[in-house]
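Quick setup: one chain, the form predicted on its own, written in structure tokens, and binding and motion questions come after.
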């Protein structure tokens, strides 16, 4: 905490202008200039800005991410143009390049394997487990019936509660049990739906136990710890794959198709066995996945958490992708859990999110799972292909060139000259900086000024 600044009370009740005034007074040295910067990111349309203000609490402005598109994604014989919201250079370019590569080799084949989601009533109870299990089986129908008013609309759409079961966790934590529910939420991500059901089940369970004649007064005591969905959804799985003949893998003179295949396979095996590599490998996959998840208004943090837990499901963190070479055929694939929604949340509110869904043909949740899994596979193929051929920096740094030039204060003409100069050269921060100094005729970098 900075000196002489006291905690503020009732901050959320202040107007946006009052929040800015407080921020300027307490934390910003150049208040007026910074407030102008903040306000410059407000939407010119007041209604649109109000909509954005109400997405979260204590909003003072908008934070922009580039919204790009990656064309030529052939997924299950349908050609898509993928919306991608991300700040990292080269991600969109790499996705588009990989999509174009596989466009002439059959495209992506994707399928949803299952769509079940999970949630738990976590509770503490001290007694005989077999007696509790027998009681649970007896009241299971009442527990389900207690949620009828919550599930009626979802059941009309083909979703609802798949099952509930009692799980004994007392070996891991004394007196700890769960009521685990599995759910189908159709085109909704389903968090609020699942949490409401779990809370209803917990309330009914506690009431039924309190009224059970077969339990002692002590046995009727149950502590409901929490009711919450899990973002780990190992039964909500999508698979995407690409395949072609081994001899069709190389389209240049980088190396032979057999050398490429061998190095690619070994790179994936390393990511399967070495957590240091697997972490960066999977981060690259999530570059493609998160960008489309964000653009379509879904929860990228939930998708990330689920993916990384799934990558560790056997006790070691491993690659989310795998490769198979058999009978002269190369197959590269991903299986990943992914809970998404195409209704509710921001999907019907955020103008750019609505645009993203429109670009994709307004897919349902299962179609969106296939699209996003394919984006992750494309990103990973592009990264591994670069790593085992030219190296990752050649392409990445060329895309990063504009960022470097912008940091140096280059004008448009200088940026165009830099792009032309580095067309056949390796980009580094130092080489780009040196070239910029040459353009300006500057020997002392401390004298660099914007033009």
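Computed from a predicted structure; not experimentally measured. Positions refer to the first chain, counted from 1.
As for the form predicted in complex with a further copy of the same chain, it is not shown, yet the points below apply to it.
With the partner omitted here, the residue from 129, 137, 256, 266 that has a non-hydrogen atom within 4.5 angstroms of a further copy of the same chain in the predicted bound form is 266. The contact with a further copy of the same chain in the predicted bound form, taken as any heavy atom within 4.5 Å, belongs to 88 out of 322, 366, 88, 208. In the predicted bound form, none of the heavy atoms of residue 163 sits within 4.5 Å of a heavy atom of a further copy of the same chain. Taking the partner from elsewhere, residue 106 is found to have every heavy atom lying beyond 4.5 Å of a further copy of the same chain in the predicted bound form. Using a 4.5 angstroms limit between non-hydrogen atoms, residue 439 is distant from a further copy of the same chain in the predicted bound form.
Interface membership of residue 273, defined by any non-hydrogen atom within 4.5 Å of a further copy of the same chain in the predicted bound form, is confirmed. Only one of 96-104, 327-335, 213-221, 242-250 places residue heavy atoms within 4.5 angstroms of a further copy of the same chain in the predicted bound form, namely 96-104. Residues of 304-340 lying near a further copy of the same chain in the predicted bound form, listed in sequence order, are 304, 305, 306, 308, 309, 312, 315, 317, the criterion being any heavy atom within 4.5 Å.
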